[in-house]
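This document starts with one chain, in the form predicted alone, laid out as C-alpha cells.
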C-alpha cells in the first residue's frame, strides 16, 4: 500500500466525486439510557430530593407545623393571654382519645380525707372515678383517688384543653402554636438577613482577594470572637426585649459562616474559563459576581440556610428559657419550657408538649437539610 504525505497527494485523490463516498452507519442499537428528556440541575436535584423518604416526611412535618402555627391560635376559642385561675393546671383532654383512657382529663389526688369525697361542694357528682388506695395517716383515714379533674374544677361539659392549661389557666395549645409562629418568624428573619449579609460580604472578599480579602476575613474573625450572650444583653438594654433585639442578636455573628462558604465558592469559580471570557469582553465586576459566579453557589447556600433555621429556633428558645427572649405575656417555646420545668413532676404535660414540638422541628429541619445537601451534590447527578 502506497502512503502519501498530505502535501504530495495526487490531484485525482484531492478531487474525488461525492459518488465515491459512502455514509458510515452504526448498526448497533441506541443506548436506552439516552432516550429520556434532558433535565436541568435543579430539576434533577428536586427529583432526587423527593426520592428521599426521610426528606419528604420532614418537609411534610415542617409544612404541617407552619400551617398549625397559623391556624390553631385562631381555632381553639381561647386567647393566648386569656386567664382563668379556676381552671389552672388542667391535664390534657382530647375528644375521641378520652374513650380509650388516653388524654382523658383525669388526675390522681393523694392523701385525701376519706370523709371529704362525699362532700358534693368539693367533689361534684361523678367527679370521683375510682378509689385507688385506702390507708391511715395517724388516726385519719385517707385515700388516693382518680378524679375527673375537669369536673373537679367546674369546667363546663364539652369544653376541652387538648394540651391542658398552665398555672394561670391559659390554654397551652394556643400559647404553644402562637409561640411556634413567633419562633419560626424570628428564625426566618434572622436566617434571611444572615444570608444576604453573608453573600455580599463573602462575594466581595472572594472575588477581589488580596488585601481586600485579608481585611474582610480578619474583621469577620474579630466579630466571631464576640461573646454571644453579652451581645444579646447589650441589645436588650439598648432596644428592650422583643423580636427586633433577638433578630439583631442572632445576626451580629450569624452571617459569618455564610460569608466563609461564599468566599470559598468564589475562589473555586472565579478563575474558570467562562468567567475569564466574560471579563475579557468587558463585563463589569458587579455582573461577574452576581450573574456568572454567584449562581454556582446557590446549592450550598440553600443547604446552609436550611441547616441554620433549626439553629436559630434553638437559639431563640434558649434565650427565652434563660429570660433574655420575648417577655411575657407573649408566648415562646422557650418560655413555655421555662415555666413548665418548674412543675415537671406535678404537671408533666406542661413540659412534654413544648419539648416534643421543638424536638420535631429540630429533627425535621436537620433531616431536610441533609436531603438537600445530597440532592444538590453535583457528583450524584443522574442517580436514582
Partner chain sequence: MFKYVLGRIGAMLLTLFLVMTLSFWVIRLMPMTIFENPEVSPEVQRRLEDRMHLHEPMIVQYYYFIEGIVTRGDFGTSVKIRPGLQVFDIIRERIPPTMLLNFFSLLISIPLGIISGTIAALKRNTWIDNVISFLIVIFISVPSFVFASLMQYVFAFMWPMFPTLYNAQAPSIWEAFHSMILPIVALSLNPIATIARYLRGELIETLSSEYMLLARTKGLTQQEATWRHAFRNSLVPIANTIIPLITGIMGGSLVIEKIFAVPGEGGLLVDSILGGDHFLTVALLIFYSLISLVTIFVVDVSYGIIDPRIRIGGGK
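Here the rigid core means the biggest group of C-alpha atoms that line up within 1.5 Å when the two forms are laid on top of each other. A quick note: this is a predicted structure, and the numbers were derived from the prediction, not measured. Numbering follows the first chain given and starts at 1.
The next section is about a form of this same protein that is not shown, the form predicted in complex with the partner chain.
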item	value
Candidate spot 223, 341 and 367, all three touching the partner chain in the model of the complex (heavy atom, 4.5 Å)	yes
Contact residue in the model of the complex, from 75, 283, 276, 237 (heavy atom within 4.5 Å of the partner chain)	237
Interface residue in the model of the complex among 355, 49, 65, 59, criterion: non-hydrogen atom within 4.5 angstroms of the partner chain	355
Which of 200-208, 225-233, 265-273, 289-297 lines the interface with the partner chain in the model of the complex (heavy atom within 4.5 Å)	225-233
4.5 angstroms heavy atom contact with the partner chain in the model of the complex for residue 43	no
Interface membership of residue 70, the partner chain in the model of the complex, 4.5 Å heavy atom rule	no
Contact flag, residue 314 vs the partner chain in the model of the complex, heavy atom cut 4.5 Å	yes
Contact test in the model of the complex: residue 363 vs the partner chain, heavy atoms, 4.5 Å	yes
Contacts with the partner chain in the model of the complex, stretch 319-352 (heavy atom within 4.5 Å)	321, 322, 323, 324, 337, 341, 344, 345, 348, 351
Rigid core superposition, residue 241 Cα moves 2 angstroms or more between the shown form and the other one	yes
